[in-house]
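For reference, the chain that follows is the form predicted on its own, supplied as structure tokens.
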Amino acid sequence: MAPEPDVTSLSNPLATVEQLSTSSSQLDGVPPDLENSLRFAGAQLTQAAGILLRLPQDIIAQAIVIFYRFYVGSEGGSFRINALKDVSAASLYMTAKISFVPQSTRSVLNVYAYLTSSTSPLRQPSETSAKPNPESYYLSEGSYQSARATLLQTESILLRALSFITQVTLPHHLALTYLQTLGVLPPTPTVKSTALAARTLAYLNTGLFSPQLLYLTHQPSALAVAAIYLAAREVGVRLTSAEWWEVFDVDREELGFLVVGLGSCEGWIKGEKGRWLGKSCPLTLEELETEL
């Protein structure tokens, strides 16, 4: 008898309503709007660090989801206790370590030292040095050893908070499979099919920055279907007239919610950047305390 397929590999543990309603950060006095900004800043920092380390996008995306999971719920981490830069670094280091592209602690810490310095492109122009200043992100041996200890300690805190559940299934490959199933991704790519696939993946990547934490509240299959729906409408590809999303176990109500959520991400990101115009979102505990 053939073994039954393991469907758990295509799903993720989702956040509960209770976890989404209250967080440790809010209990520690962080306003919800600032908490959303801190999550966004942490995701941006993780993305930038992954790019500088030349990690594949799927590894970076998994690290961002792990970062989000840590700060969810009253039993999770708090931005006032666990610095987002440390949790971001630990999430990326841990995710890369169990992949085929592990990174050394020195490489990770050098990148984060640069990205949190005054020279960083993540800083607002008014806060960035006129000329690159290597001294602002140079890690001496003593500083490196201290930062390494913090990184490894944060990794252990992260693992305990997640109950050692580090599995993250992404919707990207599922979305491409669904496109093939729907017959709109032929073996020989066309201009329109290429554009459709690109826009689908773009929506999924943008969704990683959603303030609604869509990757923590919905399964990969639902995210893939919503991204396909939006991309097909934008590119002008006509899908089957039947309610095709039900084939992938997604109902109309969930699809509608995700279409609105994914579709609003770009506008929210622009608004978030406008909110911090002229200054940077806090990346360290000291900066957060100053902001509060």
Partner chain sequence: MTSQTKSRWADDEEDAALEAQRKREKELKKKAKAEKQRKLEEEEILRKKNFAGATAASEDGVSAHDEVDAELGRPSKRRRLSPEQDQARVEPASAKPLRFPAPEWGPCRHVDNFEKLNHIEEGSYGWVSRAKEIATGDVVALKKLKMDNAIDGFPVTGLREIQTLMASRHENIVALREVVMGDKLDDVFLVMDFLEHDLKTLQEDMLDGFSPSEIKTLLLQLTSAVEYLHSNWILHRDLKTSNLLMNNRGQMKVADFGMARYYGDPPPKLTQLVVTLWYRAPELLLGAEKYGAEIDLWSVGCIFGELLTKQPLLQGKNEVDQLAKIFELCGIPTEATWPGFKRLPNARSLRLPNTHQTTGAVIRAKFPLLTNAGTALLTSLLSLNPAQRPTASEVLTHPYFKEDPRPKSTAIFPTFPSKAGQEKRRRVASPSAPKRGDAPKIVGDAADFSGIFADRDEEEVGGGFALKLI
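Positions refer to the first chain, counted from 1. Given the structure is predicted, the values throughout are model-derived calculations rather than measurements.
Same protein, other form: the form predicted in complex with the partner chain, not shown, and the subject of what follows.
The stretch that touches the partner chain in the model of the complex, counting heavy atoms within 4.5 Å, is 241-249, out of 32-40, 45-53, 241-249, 260-268. Of the residues His172, Arg199, Arg123, Arg80, just one reaches the partner chain in the model of the complex with a heavy atom at 4.5 Å or closer; this is Arg80. Contact with the partner chain in the model of the complex, judged by any heavy atom within 4.5 Å, is made by just one of Leu159, Leu208, Leu185, Ala147: Leu159. Judged against the partner chain in the model of the complex with a 4.5 angstroms heavy atom cut-off, the residues Ser24, Arg69 and Ser99 are in contact without exception. The partner chain is not drawn, but in the model of the complex it has no heavy atom within 4.5 Å of Ser140. Within 4.5 Å of any heavy atom of the partner chain in the model of the complex lies no heavy atom of Tyr203.
In the model of the complex, at least one heavy atom of Gln19 sits within 4.5 Å of a heavy atom of the partner chain. Within this chain, Leu277 is remote from the site of the partner chain in the model of the complex, having no heavy atom within 4.5 Å. Of all the residues from 160-190, those having a non-hydrogen atom no more than 4.5 Å from the partner chain in the model of the complex are Arg160, Ala161, Leu162, Ser163, Phe164, Ile165, Thr166.
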